[in-house]
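Read the single chain below, which is given as structure tokens and is the form predicted on its own.
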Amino acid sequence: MVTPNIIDSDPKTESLRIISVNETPSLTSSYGKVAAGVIRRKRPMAVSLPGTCWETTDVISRQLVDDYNTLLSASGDVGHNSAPSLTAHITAFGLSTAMMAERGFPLPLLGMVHLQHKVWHMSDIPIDQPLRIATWAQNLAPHHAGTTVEIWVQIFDPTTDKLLWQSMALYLSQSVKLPGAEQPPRPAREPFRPPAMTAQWHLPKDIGRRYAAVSGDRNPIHLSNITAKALGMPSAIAHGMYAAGRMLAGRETPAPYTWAIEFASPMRLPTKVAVNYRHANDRQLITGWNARKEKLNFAAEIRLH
């Protein structure tokens, strides 16, 4: 049985210096900073995290929720009276990306690999109401293929300071090795044996552009073969968080619940993804793979609390 292997970590906000941002920076501006950094001569990378927590106030707009539902759909009250979980990620992602695009951040944003993502959806999130969003980086660590970092996000009710939603994204930089740190060995994994297929996703070649139109995440590796090849990729790939939204579609319940996804290999566009949904006690497990190559794309779970 394939299950996501999510790291066990807790948020650590002690001693972080708060950086207040008037509005959520656009992803376009952050990717522009990255492009400029590739062209200009770089300073040596730092070997420690900046120790800052970026904060802003924003809303999950009705327009975003409607556009998200058109592309991916939600279920019941979720997506109508409360925000789908992934729209919280989309709203906060610009702030996290701006933090990672800063020149003093120890890992280059260009080429960062998204390994896994976990969300604690603690309370229903209002639509078109102000929310306080905080993001920071923690646990810079050696990895057999480079260096990893955890990017955390928390979303609060600004009136009561109640924590509504939090997430942990684990990213890998293959271009940075931590000085003096011993690289751990590659973990042994059992060969992937596909389960019975219970569904199939058809991902057209333009799904990256369609998700980008909703999320604002116009990373060139997702938009077309031409833009992906310009960055050294053999072809365009689907957003990992599109897979997260697709596996959540129609399965979200009123809070609280958690969900997690571990990415194994990219979904190269266009493609067909074989999917298996199955229940195991208090959670639903979702596996996605390339049926033709019998290659795992992702393993995910949704757990009710």
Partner chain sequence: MTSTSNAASAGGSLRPAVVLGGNRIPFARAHGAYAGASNQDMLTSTLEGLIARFGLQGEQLGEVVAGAVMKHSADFNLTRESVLGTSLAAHTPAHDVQTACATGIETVGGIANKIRLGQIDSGIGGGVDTISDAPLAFNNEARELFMQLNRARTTQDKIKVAMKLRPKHFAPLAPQAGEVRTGLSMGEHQALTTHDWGVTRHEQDEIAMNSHKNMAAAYEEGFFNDLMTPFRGLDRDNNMRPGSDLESLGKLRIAFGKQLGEEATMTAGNSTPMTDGAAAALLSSEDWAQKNNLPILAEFVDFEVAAVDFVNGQDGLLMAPTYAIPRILDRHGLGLEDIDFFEIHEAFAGTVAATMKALADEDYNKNVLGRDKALGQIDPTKLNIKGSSLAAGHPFAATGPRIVASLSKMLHEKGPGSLGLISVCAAGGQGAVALLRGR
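Numbering follows the first chain given and starts at 1. A quick note: this is a predicted structure, and the numbers were derived from the prediction, not measured.
From this point on, the text means the form predicted in complex with the partner chain, which you will not see here.
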Verify the contact flag for R251: yes if a non-hydrogen atom of it lies within 4.5 Å of a non-hydrogen atom of the partner chain in the predicted bound form, no if not.
yes
Quick one: does M197 come within 4.5 Å of the partner chain in the predicted bound form, counting heavy atoms only?
yes
Please run the contact check for S48 against the partner chain in the predicted bound form: heavy atoms, 4.5 angstroms, yes or no?
no
Might Y257 be said to contact the partner chain in the predicted bound form, defining contact as any heavy atom within 4.5 Å?
no
Select from the listed residues K162, K205, H202, R103 the one whose heavy atoms reach within 4.5 Å of the partner chain in the predicted bound form.
H202
Looking at T70, S265, S29, S61, which is the one with a non-hydrogen atom within 4.5 Å of the partner chain in the predicted bound form?
T70
Among the candidate stretches 51-59, 235-243, 257-265, 276-284, which one is within 4.5 Å of the partner chain in the predicted bound form when only heavy atoms are counted?
276-284
